[in-house]
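A single chain, nothing else alongside it, follows as C-alpha cells in the form predicted on its own.
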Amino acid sequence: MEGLKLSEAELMIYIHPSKSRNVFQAICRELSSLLFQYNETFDGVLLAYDATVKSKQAKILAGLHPYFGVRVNTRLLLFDPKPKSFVEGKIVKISPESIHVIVLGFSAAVITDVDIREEFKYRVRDGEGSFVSRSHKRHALKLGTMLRLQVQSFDEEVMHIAGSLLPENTGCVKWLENKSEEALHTDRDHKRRKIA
C-alpha cells in the first residue's frame, strides 16, 4: 500500500524532572502522545515507533521548570497518502450515492457516486446493497470487502480521505490480485507457445 513510509530520526525529547526515575518510560509516553495524529514535523501520521536512547547524558534547560533533554534515535512508521496514490481499506457502508471505507483502522475514506466507474452498478440483494461490475460479474463491492482506492485528497485535521474508483486498477483487492495472477499465467503460456 502506498502512503506508508519508514523514517529514521534523531529527536531531542524534553522530560520533566519528576519523570527522571524512569527516563525510557517517559520517552515512550511522550512519543505515544503523538500517535494517530498528523504531525507537520514528521510530515505524516505517526502509526508506530521504535526508540533507543542515544546516550545517558542529558541536557538541563534553565527556566521556571528545569526540564532535561534526552537524545533519542527513532524509527517511525508514518502514514501520509498523497493525491494519486493508492490505499486499501475495508468497506463499512454502501449506499447508491457513496462507499465508506476505513483505512488502517483509523482513517475514514469516502468515494462518492461521481468517483465510481460507470462499470459498477448499485444493486440490493437480500437487503444488502453492493456495487457489481457489469463487465466482470465476480467483481463485487459489498460490506466487508477490502477495497483499493485512489486518493484524491487527505484532510490532516480529521484524517479523512476523499477517494476515487475511476482508475482501472482500483476495486476489490482479492479480485484485482486474481486478475493479475491470471494475466501472469497467460503471459507465461503465451511465451511457452512462442518458444515451442
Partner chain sequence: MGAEEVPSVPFSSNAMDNADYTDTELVHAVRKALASVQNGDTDDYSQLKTVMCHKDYSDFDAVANYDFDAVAQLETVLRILSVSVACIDVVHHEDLLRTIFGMSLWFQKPNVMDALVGLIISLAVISGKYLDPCLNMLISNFIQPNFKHEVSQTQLVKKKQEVLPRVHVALHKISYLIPLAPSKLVPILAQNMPSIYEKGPSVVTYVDNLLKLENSSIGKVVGSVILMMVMERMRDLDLEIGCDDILQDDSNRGMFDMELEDAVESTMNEGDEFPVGDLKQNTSGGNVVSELLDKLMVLFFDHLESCQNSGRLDEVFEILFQSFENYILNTYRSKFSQFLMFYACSLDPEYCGVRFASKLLDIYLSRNKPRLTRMSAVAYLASYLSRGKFLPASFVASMLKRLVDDCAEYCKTCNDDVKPEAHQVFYSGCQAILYVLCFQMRSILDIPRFQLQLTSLESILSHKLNPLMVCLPSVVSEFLKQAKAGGLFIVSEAFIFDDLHESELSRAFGGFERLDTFFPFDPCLLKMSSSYISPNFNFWLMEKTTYEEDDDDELCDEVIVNGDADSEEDCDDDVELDSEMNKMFVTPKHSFMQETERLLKMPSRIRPSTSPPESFLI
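Source: prediction; values computed, not measured. Residue numbers count along the first chain shown, from 1.
Heads up, the form predicted together with its partner chain isn't pictured, but that's what we're talking about next.
Interface residue remark: P96 is counted as part of the site for its partner chain in the predicted bound form, having a heavy atom within 4.5 Å.
In the predicted bound form, H16 stays away from its partner chain, with no heavy atom inside 4.5 Å.
The closest non-hydrogen atom of D113 lies within 4.5 Å of its partner chain in the predicted bound form. Interface residue remark: H160 is counted as part of the site for its partner chain in the predicted bound form, having a heavy atom within 4.5 Å. Heavy atoms within 4.5 Å of its partner chain in the predicted bound form map, among the stretches 124 to 132, 66 to 74, 48 to 56, 166 to 174, onto 124 to 132 alone. The candidate site formed by K5, P83 and E88 is entirely out of contact with its partner chain in the predicted bound form, as no residue has a non-hydrogen atom within 4.5 angstroms of it.
Contacts with its partner chain in the predicted bound form, taken as any heavy atom within 4.5 Å, map within 15 to 53 to R21 alone.
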